[in-house]
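Next up: a single chain in structure tokens, the form predicted on its own.
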Amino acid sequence: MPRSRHWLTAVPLAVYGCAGSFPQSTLHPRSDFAAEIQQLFTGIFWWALAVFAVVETLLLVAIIRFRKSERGPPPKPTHGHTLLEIGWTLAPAVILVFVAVPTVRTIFATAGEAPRQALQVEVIGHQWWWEYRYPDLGIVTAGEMHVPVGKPVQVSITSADVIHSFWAPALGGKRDAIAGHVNRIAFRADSVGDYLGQCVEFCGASHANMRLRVLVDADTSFQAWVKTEQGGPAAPPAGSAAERGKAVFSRSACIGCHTIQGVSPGVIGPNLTHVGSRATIASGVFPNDSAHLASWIADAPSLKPGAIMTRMKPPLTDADIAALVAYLQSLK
């Protein structure tokens, strides 16, 4: 590829990377946790810039003042300079102190301990989706985590299989999800919004498709989500198509993998009790609409490499899939 084309490719990428609307940016914190990290980054950035300016200035001075000259005398070597040696030893030590003190303070400030009254959320990483449990509220869901604005949240993170890493940049730093071990994040979101995130530890074929969403709701909206959208068993089928879909679900392999409260106890795949209330499916990869849901049911691995939700045998008919879609979309 010609160099001109390299520049044509690089410039738009650089502009996009610096754009303020980038959906997964740490530069626009929306929680106390993220603000602590941003403050640390800003402080260290200015220290680094100051060091760079001093070093480059001295380098330019040395290049210009002591450049080789055919007319001038040969340079006189200097062997040992006590003050200079003390200076260049102490200066880095002082800079490291100014960097280390706020770094250690931020580490303790973001250690993951929340007040007792904090909302408890258990996050479990799977290949390749996120499960969310609210033990105090009796809620189990997947793909989308809801939290109230202005309230402390304690997130406890683990894994059901390999190592994953939970990261919603606008709300806080990443934490690894490790089987048999719990890592924690504590934060208080300051703005209502829909914040995107990603697994940031390579975990297999569909690592890039292991996305996440944290929806920060106003208090009334969060209470409505808890009581109306997630409270209680699954809604009864509405309409003949949904009723037929429930029958298809109950006689197929779906019942062995997915939980629908009051219908099936499967625990391998995401809990589907209120799947109709979610905006996305497949861990945030596709919108939760009829077309994508039907394609997902028919052949999930073709849409998400490595997905353990394989094609059913015998395959479902188009009519069965349409009925299942109607049933799942009624679960709100």
Partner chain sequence: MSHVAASAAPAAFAFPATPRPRGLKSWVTTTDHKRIGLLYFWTAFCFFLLGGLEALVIRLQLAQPDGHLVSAATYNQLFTMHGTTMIFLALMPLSASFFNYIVPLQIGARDVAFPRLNAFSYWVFLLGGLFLNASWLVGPLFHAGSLSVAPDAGWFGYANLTERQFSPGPNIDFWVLGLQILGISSLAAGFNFIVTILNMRAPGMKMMRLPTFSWMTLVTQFLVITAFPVITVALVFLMFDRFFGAHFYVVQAGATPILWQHLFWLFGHPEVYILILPAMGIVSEVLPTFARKPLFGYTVVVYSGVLIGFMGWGVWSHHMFAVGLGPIGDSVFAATTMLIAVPTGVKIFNWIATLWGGAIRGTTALHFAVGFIAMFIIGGLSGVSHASPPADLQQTDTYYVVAHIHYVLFGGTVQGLFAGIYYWWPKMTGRLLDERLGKLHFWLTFIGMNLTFFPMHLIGLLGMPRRIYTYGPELGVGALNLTSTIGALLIGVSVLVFIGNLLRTRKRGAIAPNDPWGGATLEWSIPSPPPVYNFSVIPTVENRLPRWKTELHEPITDPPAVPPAPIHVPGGSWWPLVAALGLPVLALAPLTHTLWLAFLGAAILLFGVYRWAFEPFEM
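Numbering follows the first chain given and starts at 1. If you're wondering where the values come from, they're calculated on a predicted model, not measured in any experiment. For the two forms, the rigid core is made up of the largest set of C-alpha atoms that agree within 1.5 Å on superposition.
What comes next is about the form predicted together with its partner chain, which is not displayed.
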Inset, instruction - Choose one stretch from 229 to 237, 252 to 260, 138 to 146, 163 to 171: the one whose residues place a heavy atom within 4.5 angstroms of its partner chain in the predicted complex. - result: 163 to 171
Legend entry - 4.5 Å heavy atom contact, Val61 to its partner chain in the predicted complex: yes
Inset, instruction - State yes or no: in the predicted complex, is some non-hydrogen atom of Gln117 no more than 4.5 angstroms from a non-hydrogen atom of its partner chain? - result: no
Legend entry - its partner chain contact in the predicted complex: Pro305, any heavy atom under 4.5 Å: yes
Inset, instruction - Answer for Asn209 alone: is it within 4.5 Å of its partner chain in the predicted complex, judged on heavy atom distances? - result: yes
Inset, instruction - Enumerate the residues of 195 to 225 that have a non-hydrogen atom within 4.5 Å of its partner chain in the predicted complex, in sequence order, or give none. - result: Leu196, Gln198, Cys199, Val200, Glu201, Phe202, Cys203, Gly204, Ala205, His207, Ala208, Asn209, Arg211
Inset, instruction - Superpose on the rigid core, then tell me if the C-alpha of Asp136 is displaced by 2 angstroms or more between the shown form and the other one. - result: no
Inset, instruction - Using a rigid core alignment, state whether the CA of Pro115 is displaced by 2 Å or more between the shown form and the other one. - result: no
Inset, instruction - Kindly check if the Cα atom of His81 is displaced 2 angstroms or more between the shown form and the other one relative to the superposed rigid core. - result: yes
